[in-house]
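This document opens with one chain alone, in structure tokens, the form predicted on its own.
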Amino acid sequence: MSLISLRAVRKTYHLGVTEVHALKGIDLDIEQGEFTAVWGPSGSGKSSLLNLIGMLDAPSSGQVLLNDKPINDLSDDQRAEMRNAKIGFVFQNFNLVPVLSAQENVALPLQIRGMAAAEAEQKAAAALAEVGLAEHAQRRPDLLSGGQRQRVAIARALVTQPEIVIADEPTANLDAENSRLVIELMRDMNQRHKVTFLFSTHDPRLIDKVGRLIKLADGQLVNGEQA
């Protein structure tokens, strides 16, 4: 049983009278513990694919399954509940709350789940230590570098112990060295926690860092073979 399965998935966006076919019949399986990149040029369908897998959007047709359970017909509340329980997100723009410290940002998803503040802060501190930011736990995002902010985002994604972490262009706003460090950190977390990582990129320098490369072109799967 695959962690994520897509069967004949299509996604069409309607922009006025124009139809944009972002995904054109995708069949794909993602297994537990994979470290996989979705690679392709801008407009190839990478973000659309990740949004469907992350339950941030629904397919126009076809089926998306998580742990062999179809998610298409779930209500918005059911999707949100499953998303919060099983998926962590890392965004290219970090999406950190500017008025909160790094530790408070990492603790936030735990508190949204109802965890007591003291316990959430303790778990957040441990997560930040694991990504090498213990000494920066009380700093707000504007006092952190881009690479440090992305490490905070990774700690926030992992603190809830998800089954899969989805990262949409996580190195797009980083220089070459910080891109390398972030990808190596994600790979280390993948191996240490056995959590699946699925991220999109168009940076050819990162291709040799992944366990599997899924290529998209014009909304279609080119291959999903081992890199």
Partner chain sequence: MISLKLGLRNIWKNRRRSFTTLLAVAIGFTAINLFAGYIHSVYTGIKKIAIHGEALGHLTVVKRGYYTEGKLHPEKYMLGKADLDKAMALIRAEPGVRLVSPRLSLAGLVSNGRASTIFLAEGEIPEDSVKIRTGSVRTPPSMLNRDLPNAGLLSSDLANLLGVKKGQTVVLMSSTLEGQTNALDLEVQDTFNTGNAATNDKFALLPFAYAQSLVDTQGASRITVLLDPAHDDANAMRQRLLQKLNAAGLDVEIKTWLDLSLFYKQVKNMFDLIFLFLFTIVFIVVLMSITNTMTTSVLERTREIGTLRSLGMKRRKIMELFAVEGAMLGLFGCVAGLLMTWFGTWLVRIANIRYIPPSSSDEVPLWVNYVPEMQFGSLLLLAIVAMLAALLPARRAANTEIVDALGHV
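Residue numbers count along the first chain shown, from 1. Quick caveat: nothing in here was measured; it's all calculated off a predicted structure.
Although it is not shown, the form predicted together with the partner chain is what the next lines describe.
For the candidate set 57, 163, 169, 34, a heavy atom within 4.5 Å of the partner chain in the model of the complex is found for exactly one residue, namely 57.
Checked against the partner chain in the model of the complex, the candidates 125, 144, 108, 71 yield a single residue with a heavy atom inside 4.5 Å, and that residue is 108. Annotation: in the model of the complex, residues 83, 101 and 140 each come within 4.5 Å of the partner chain through at least one heavy atom. Using a 4.5 angstroms threshold between heavy atoms, residue 121 counts as touching the partner chain in the model of the complex. None of the heavy atoms of residue 129 is located within 4.5 Å of the partner chain in the model of the complex. In the model of the complex, none of the heavy atoms of residue 190 sits within 4.5 Å of a heavy atom of the partner chain. Of the heavy atoms in residue 51, some are within 4.5 Å of the partner chain in the model of the complex. With contact defined as any non-hydrogen atom lying within 4.5 angstroms of the partner chain in the model of the complex, the stretch 14-43 contains no contacting residue.
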